[in-house]
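Just one chain follows, in the form predicted on its own, and it is written as structure tokens.
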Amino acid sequence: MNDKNIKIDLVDDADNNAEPGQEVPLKESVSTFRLVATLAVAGALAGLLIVMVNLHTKPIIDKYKAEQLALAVYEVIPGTDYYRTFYLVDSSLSPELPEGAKESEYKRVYVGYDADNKLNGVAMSRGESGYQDIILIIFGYSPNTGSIMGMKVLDSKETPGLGDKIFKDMAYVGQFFANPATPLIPVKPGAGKGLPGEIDTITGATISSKKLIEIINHALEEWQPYFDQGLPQTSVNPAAGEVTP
């Protein structure tokens, strides 16, 4: 067969379906510029929507976090009537920040007072890497006795059913409310020697439960020198704007 006699017509499928003599409409090509512009506009609108939602919800979220933090402070330093926030400014604790300073840039502790305006305890928040992710806790400490007053896990993504026992196992959590001496000593259940700072770790969650103890010890190592300088008593009336339960 002579290839020169073969004629191949390449036609669109739509052409094959056309009736004889019917005009086949030309396909409209899509402009690359129009496509990019459409995507850009859609992206800008989506971004604007996200910003607007964030502006609306952020104050609500911040208020909720502040309320939960306040409740946690009272939980980990039992007997506290009100507390004040002290910031680490120029190597000393201060109830005030420098003018124009951003609060988020300063480390802080929460000093609790009883109904007689006497120092009751100090709450500290600290986060460190655990087995899976950051473990964020807050705990209470008595500078007068050198003992732990309580502990609460604020955020943790440790393994469900195992690592999450650091806040679900009430026997473990309860040990921090029994005024253990510091520094804390992690021990395997049943292997303790009766020392005042011993904390039984959790079988099956040894790493997470031991890490939580380390977080407390590390926080005290950092803050103890400032506590040794002396924490102020106060005569401020809680009704005058101090944080109260």
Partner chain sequence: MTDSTQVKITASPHVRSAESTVQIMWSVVISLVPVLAASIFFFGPSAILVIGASVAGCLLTERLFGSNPGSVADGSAVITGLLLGLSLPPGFPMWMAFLGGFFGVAFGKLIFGGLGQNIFNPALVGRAFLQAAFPVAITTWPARAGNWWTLQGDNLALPFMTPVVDTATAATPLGNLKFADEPVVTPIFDLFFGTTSGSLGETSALFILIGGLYLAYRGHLNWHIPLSIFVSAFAVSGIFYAIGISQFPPFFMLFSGSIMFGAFYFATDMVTSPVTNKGCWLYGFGIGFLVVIIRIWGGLPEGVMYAILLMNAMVPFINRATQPRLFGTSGKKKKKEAAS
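Numbering follows the first chain given and starts at 1. Worth saying up front: this structure is predicted, and the values here are computed from it rather than measured.
The discussion below concerns the form predicted together with its partner chain, not included here.
The putative spot formed by Tyr83, Lys118 and Ile148 is not touched by its partner chain in the predicted complex; no residue has a non-hydrogen atom within 4.5 angstroms of it.
Residue in contact with its partner chain in the predicted complex (any heavy atom within 4.5 Å), chosen from Leu69, Ala178, Ile207, Ala181: Ile207.
Site annotation in the predicted complex: the residue of Tyr131, Tyr172, Tyr74, Tyr87 reaching within 4.5 Å of its partner chain with a heavy atom is Tyr131.
Interface residue remark: Lys193 is counted as part of the site for its partner chain in the predicted complex, having a heavy atom within 4.5 Å. Its partner chain in the predicted complex comes within 4.5 Å of a heavy atom belonging to Leu162.
Contact check for Lys188: a heavy atom falls within 4.5 Å of its partner chain in the predicted complex.
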